[in-house]
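This document opens with one chain alone, in structure tokens, the form predicted on its own.
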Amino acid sequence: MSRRQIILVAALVLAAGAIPFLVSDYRTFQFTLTLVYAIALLGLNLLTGYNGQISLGHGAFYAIGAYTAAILMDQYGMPYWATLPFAALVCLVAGFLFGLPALRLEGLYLALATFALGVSLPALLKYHHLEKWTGGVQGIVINKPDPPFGLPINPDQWLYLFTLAVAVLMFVLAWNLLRGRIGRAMIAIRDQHIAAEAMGINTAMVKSLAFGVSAMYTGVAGALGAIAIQYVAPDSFNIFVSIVFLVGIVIGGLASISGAIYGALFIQFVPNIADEISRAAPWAIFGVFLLVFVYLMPMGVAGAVRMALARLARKAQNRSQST
């Protein structure tokens, strides 16, 4: 990353940090969820965009992360920030183990297997033998954390800043991962599976690891989402969550780190806009928005932004050459 890019990213992070002091508490809560979804979409993009494995069940890992944080906070009195590593570890192991048998599946068959995971988990969370931990159909209520060290800000502002810090860390880790040996192996497997094997890449291990890391990101997002919403219940994590995540990475841009942010903004705010336009048929309006984005930006918002910046750069270069 060039010095100019580092300065630009730092400026964007500082601008994002000012948001909770410029908008209402409700808008702050919405932007907090946007950051949560951005982490989840980044995790799914690592798997689908960069490794070529299609998942329709990442809502299950989001639920596992959320319940891990909620159970640790509710029954063991663990601080909210300390639950994140546990949620990450649990989902990393769960994703890796699920990825092992999934190695025999590709394409639509893998999508169907992950779909089954997303469909079955809410019913499992209602299982009566697990009620003492999961709360059954009633779910678990947790408290929103107060700002530490007596900071003169309200809980919504603090939780946004905390989520922003975690999001920045997760994005930096993903950026480093993709530019390392494992990241290059993931992309090679996506582009040419047979050629990657011929080059000596352990495709089985890399694909399972990609599934585990992707699940880890989604689990951290789930934990942060549970802390922000202060409530978890099985019906909150139906298969629709997984489908919305897939919509987010397609709209934001596959194989794009910044696409996770654009996709998160879409799935957080477009449904609200659709509801304001038509309370009678909000999902019809949402479908229209979806079709417009897919038609006008087939490479996602990130791809459209890259193309626009490239055109501006070419125009600027042509002007400088003409003068």
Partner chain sequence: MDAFLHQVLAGLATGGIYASLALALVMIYQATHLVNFAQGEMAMFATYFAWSLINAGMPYWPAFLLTVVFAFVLGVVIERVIIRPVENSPVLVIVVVFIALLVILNSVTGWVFSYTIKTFPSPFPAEPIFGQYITSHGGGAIGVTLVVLLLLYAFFRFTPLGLAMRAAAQNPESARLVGIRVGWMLALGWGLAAAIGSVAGMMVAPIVFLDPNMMGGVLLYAFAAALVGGIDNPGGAVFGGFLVGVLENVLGAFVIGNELKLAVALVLIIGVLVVKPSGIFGKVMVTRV
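Positions refer to the first chain, counted from 1. Between two forms, the rigid core is the largest collection of C-alphas that superpose within 1.5 Å. For clarity, every value in this text was computed on a predicted model and none was experimentally measured.
Quick note: we don't show the form predicted in complex with its partner chain, though the next part is all about it.
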Contact check for Pro101, Val119 and Leu291 against its partner chain in the model of the complex, heavy atom at 4.5 Å: yes
Listed residue that, although its partner chain is not shown, lies within 4.5 Å of it in the model of the complex (heavy atoms), from Ala204, Ile153, Val93, Ala123: Ala123
Listed residue that, although its partner chain is not shown, lies within 4.5 Å of it in the model of the complex (heavy atoms), from Ile257, Val270, Met297, Ile54: Ile54
Non-hydrogen atom contact Tyr26 with its partner chain in the model of the complex at 4.5 angstroms: no
Leu164 within 4.5 Å of its partner chain in the model of the complex, heavy atoms: no
Contact test in the model of the complex: Gly107 vs its partner chain, heavy atoms, 4.5 Å: yes
In the model of the complex, Tyr127 touching its partner chain (heavy atom, 4.5 Å): yes
Region of this chain that lies against its partner chain in the model of the complex, out of 82-90, 153-161, 111-119, 211-219 [heavy atom, 4.5 Å]: 111-119
Those residues of 258-284 which, in the model of the complex, come within 4.5 Å of its partner chain by heavy atom: Ile277, Ser278, Arg279, Ala280, Ala281, Trp283, Ala284
Core superposition between this form and the one not shown, C-alpha change of Arg27 at least 2 Å: no
Pro282 and Gly225, C-alpha gap in the model of the complex relative to this structure (3 Å or more): closer
Outcome for the Cα pair Val294, Arg27 in the model of the complex, compared with this form (closer or farther; change of 3 Å or more): farther
